[in-house]
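Below you'll find only one chain, the form predicted alone, shown as structure tokens.
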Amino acid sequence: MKSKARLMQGNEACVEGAIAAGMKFFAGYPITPSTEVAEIAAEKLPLVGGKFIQMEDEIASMAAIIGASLAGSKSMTATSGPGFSLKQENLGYASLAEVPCVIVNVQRSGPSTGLPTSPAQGDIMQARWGSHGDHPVIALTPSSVRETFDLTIKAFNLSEKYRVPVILLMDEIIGHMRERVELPEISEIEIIDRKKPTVSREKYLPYKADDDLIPPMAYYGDGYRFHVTGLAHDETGFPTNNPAIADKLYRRLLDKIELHKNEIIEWEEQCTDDADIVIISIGGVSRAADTAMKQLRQKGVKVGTYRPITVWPFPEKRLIELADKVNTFVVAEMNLGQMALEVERIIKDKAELIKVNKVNGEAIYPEEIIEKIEEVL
């Protein structure tokens, strides 16, 4: 049974999804265009026994959700470009310390203050490489209000399952869009919680991984004593300078995502069976891509669409398969070619690559994609 239909904003759907997933702590700092996430979390979290705190800055916000997660609360923060930059050091800390948490980035035009109220998708590469060093990353990007709800829940589930920070990489279009949605009942939603230790407190090693490469996680305050650090560490959690132990740690952190990619990665494609041209896009741009595809199909042009839902790890296996039969890929994105770089790496010289880029603070329109495709027909 579904709930009554509602008119809902993307940022609101994010909070609804987070609460449905079990979020009990939110720390943040107001920043356009993510501000509604904090506002609505401040209103609704106390109603479910949760806590909201406005921190003094974005660095502290990221630190706060790490601390809350270590204490056993599912935790989230939300921000936009400049704030996302400030969160990177602590995001790396969460990656190395394997602390589950969700970071929402409602992208706006940049760099620096940029165009604070305008849409953009310029943080794709920052989501993957923003923090220094090799570190695991999962990033999801929705293209509708209902999908924002669903992917927020998935972000929490993946974070809890793999003990990794997960980024919900929205854009201003989706964050501020309002659509009619019907949300599922809580009983219909799959909720995943982190593994807890089954050994005694005396035998517990906080970073001793199971066969799935993920260590069970105790809570601070439930009787297990353990050390958490941003330094390279052994299974006890205490720092080490041993090259072999450090190497094993870093490789496990990446492998726990790499070896489970098939369980993590998600994408959507339309009309690719006979397509000569495939439009690749994410988030708000994918809506324009769908319209462009339909209009070109009406003209007899065999066009399909491919939409990564999991941006990182990038869903490249299927893209490689498409590259064997597609003549041209058109990558449409509100930046100057960040996703196109990844597509180019994957398809190599198997197909032609055309870019549709826009960084003036406006959305990409279907007509702009159609015009670019008609230039090469």
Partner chain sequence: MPSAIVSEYFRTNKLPQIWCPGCGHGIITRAITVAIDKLGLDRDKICIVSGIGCSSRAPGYMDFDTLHTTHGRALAFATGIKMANPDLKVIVITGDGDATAIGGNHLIHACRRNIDITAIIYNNNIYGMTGGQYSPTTPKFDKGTTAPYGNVDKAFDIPALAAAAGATYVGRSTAYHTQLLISLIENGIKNEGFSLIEAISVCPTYYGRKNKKGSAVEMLEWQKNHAVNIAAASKMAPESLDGKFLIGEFKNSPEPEYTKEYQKIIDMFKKE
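From a predicted model like this one, the values you see are computed outputs, not experimental measurements. Positions refer to the first chain, counted from 1.
Keep in mind that the form predicted in complex with its partner chain is missing from the display, and what follows is about it.
Q. Using a 4.5 Å heavy atom cut-off, which stretch among 274-282, 225-233, 187-195, 155-163 contacts its partner chain in the predicted bound form?
A. Heavy-atom contact with the partner occurs in 225-233.
Q) Of these, Gly133, Gly300, Gly221, Pro243, which has a heavy atom no more than 4.5 Å from its partner chain in the predicted bound form? A) When its partner chain is considered in the predicted bound form, the option within 4.5 Å is Gly221.
Q. Ala64, Ile31, Ile309, Ala323: which sits within 4.5 Å of its partner chain in the predicted bound form by any heavy atom?
A. For this set of options, the contacting one is Ala64.
Q) Is Met339 close enough to touch its partner chain in the predicted bound form, meaning at least one heavy atom pair within 4.5 Å? A) Taking the distances in the predicted bound form, the answer for Met339 is no, it never comes within 4.5 Å of its partner chain.
Q: Considering only heavy atoms, tell me if Tyr250 and its partner chain come within 4.5 Å of each other in the predicted bound form.
A: No, Tyr250 is distant from the partner.
Q.
Taking its partner chain as it sits in the predicted bound form, is Asp349 in contact with it (heavy atom to heavy atom, 4.5 Å or less)?
A. No, Asp349 stays farther than 4.5 Å from its partner chain in the predicted bound form.
Q | Contact test in the predicted bound form: Asp212 vs its partner chain, heavy atoms, 4.5 Å | A | Heavy-atom contact with its partner chain at 4.5 Å: absent for Asp212.
Q: For the stretch 50-68, return the residues whose heavy atoms include at least one within 4.5 Å of its partner chain in the predicted bound form, in the order they occur.
A: Residues within 4.5 Å: Gly50, Lys51, Phe52, Ile53, Gln54, Met55, Glu56, Asp57, Ile59, Ala60, Ala63, Ala64, Ile66, Gly67, Ala68.
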